[in-house]
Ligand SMILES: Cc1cc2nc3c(=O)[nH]c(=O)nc-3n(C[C@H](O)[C@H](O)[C@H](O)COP(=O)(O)O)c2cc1C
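Below sits a lone chain in structure tokens, taken as the form predicted on its own.
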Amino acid sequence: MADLSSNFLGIKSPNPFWLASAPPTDKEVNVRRAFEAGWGGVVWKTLGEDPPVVNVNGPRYATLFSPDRRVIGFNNIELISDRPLQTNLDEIRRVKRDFPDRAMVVSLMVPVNEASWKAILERVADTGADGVELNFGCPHGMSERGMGSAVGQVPEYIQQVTEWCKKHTRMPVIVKLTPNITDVRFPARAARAGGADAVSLINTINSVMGVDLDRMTMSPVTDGQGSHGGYCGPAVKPIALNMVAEIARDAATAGLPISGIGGISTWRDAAEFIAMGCGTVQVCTAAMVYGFKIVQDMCSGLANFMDEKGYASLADFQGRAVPTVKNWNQLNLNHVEKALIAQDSCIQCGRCHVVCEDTSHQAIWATKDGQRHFHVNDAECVGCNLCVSICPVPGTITMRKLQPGETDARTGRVIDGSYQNWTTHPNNPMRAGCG
């Protein structure tokens, strides 16, 4: 059986699955139930100064559904913990005492002044918590107060606050980054410059979930009005993976430990984040949709995957996919693939033909000899993968790589196996040697 144990910044947990800072980690009863279900760690819901914030007493969440009512996107306007700071600290101390083998990280957000950070860090350290996560990502409510993403969008603030925290605590400091920024590498670099032990990402994406066309109000609404909120759930996973990859492959942040967050709902999602360089993964929406016991499927699925692939530990495949992420101008322009339709499993629905004919390269032809058949015209196929993406029968349409010696029917070029990217391509006006 594969070893799922994690050692992230010296914080040990029996598996890499942590609950993210969010409603599921708001109080002792929730966290105890989570640990009993098998979660490896939690990031306690963000704590602030007293007096605590006041949350709305009305709809805080909104949901984006697929046609079959699966949750694919989730939006919330809930603020940080609205319970007294000392109440939270007392509960953290008790839970950590009773579950010493689980990771206990505490999320923090206070105003941008050194005294506030020093004071709350000292109180958190007294609980026996394993580390702190600086919440520089929350896009709603707190950002209007000069905290959350209002800090995370300014690299100078990130570096300054991180330096204060490293000065005033011996606990590992994780900086949680906002995705509501043009280039996530700059805040990550600032976190490293400030001495951060790790970064976690992504926090939620600024969003308006929808409009009620009967009442002509945005959704969700409180007393007829609403506010932008944080978007999460399966739909944000591609955005999160991209940002994780950008930090993992950036020379200025290479080797900086990452805790991955964003749309992680299955063991496969978690494995993808780990392969992209993450040491742990944090989950929220999936737990809110399916309950805490989902972690059991995540753990068994990840262990089975690792056994099948021969990975004895998480370190065996952590970051293995990062070298494959390149800039577009580094891709091999001599590589050619063509679509291939398996006639024995094709159900002749015609979707591939319609979308290729209407919106792509007119490379799939329809013929009829008693029944319909669909064939790829190699002379027009550019290997775009659209037909594979929309085919309702998995594996029926695949992409075949042309081998050296074969001729590309579209260009007439014989494949020679050479590698050429846009930097050296003769059609590139900026290539070396051009004026």
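Just so we're clear, the structure is a prediction, and the values are computed from it rather than from any experiment. Residues carry their position along the shown sequence, with the first being 1.
Quick note: we don't show the form predicted together with the named molecule, though the next part is all about it.
### 4.5 angstroms heavy atom contact with the named molecule in the predicted complex for residue 151
Result no; residue 151 lies far from the named molecule in the predicted complex.
### Query
If you check in the predicted complex, is residue 349 within 4.5 Å of the named molecule, heavy atoms only?
So residue 349 does not count as contacting the named molecule.
### Message
Against the named molecule in the predicted complex, would residue 250 count as a contact residue? Criterion: heavy atoms within 4.5 Å.
### Response
No, residue 250 is distant from the partner.
### Contact flag, residue 164 vs the named molecule in the predicted complex, heavy atom cut 4.5 Å
Although the named molecule is absent here, residue 164 would stay clear of it in the predicted complex, with no heavy atoms inside 4.5 Å.
### Query
Would the named molecule be touched by all three of 7, 175 and 198 in the predicted complex, meaning a heavy atom each within 4.5 Å?
Answer is no for this spot.
### Query
Among the candidate residues 124, 270, 80, 339, which is the single one with a non-hydrogen atom no more than 4.5 Å from the named molecule in the predicted complex?
Only one listed residue qualifies here, and that residue is 80.
### Listed residue that, although the named molecule is not shown, lies within 4.5 Å of it in the predicted complex (heavy atoms), from 279, 194, 233, 131
Residue within 4.5 Å of the partner: 233.
### Message
Given a 4.5 Å cut-off on heavy atoms, tell me which of 91-99, 353-361, 312-320, 260-268 is the interface stretch with the named molecule in the predicted complex.
### Response
That would be stretch 260-268.
#### Entry: Stretch 186-204: residues contacting the named molecule in the predicted complex, 4.5 Å heavy atom cut-off
Sequence-ordered list: 202, 203, 204.
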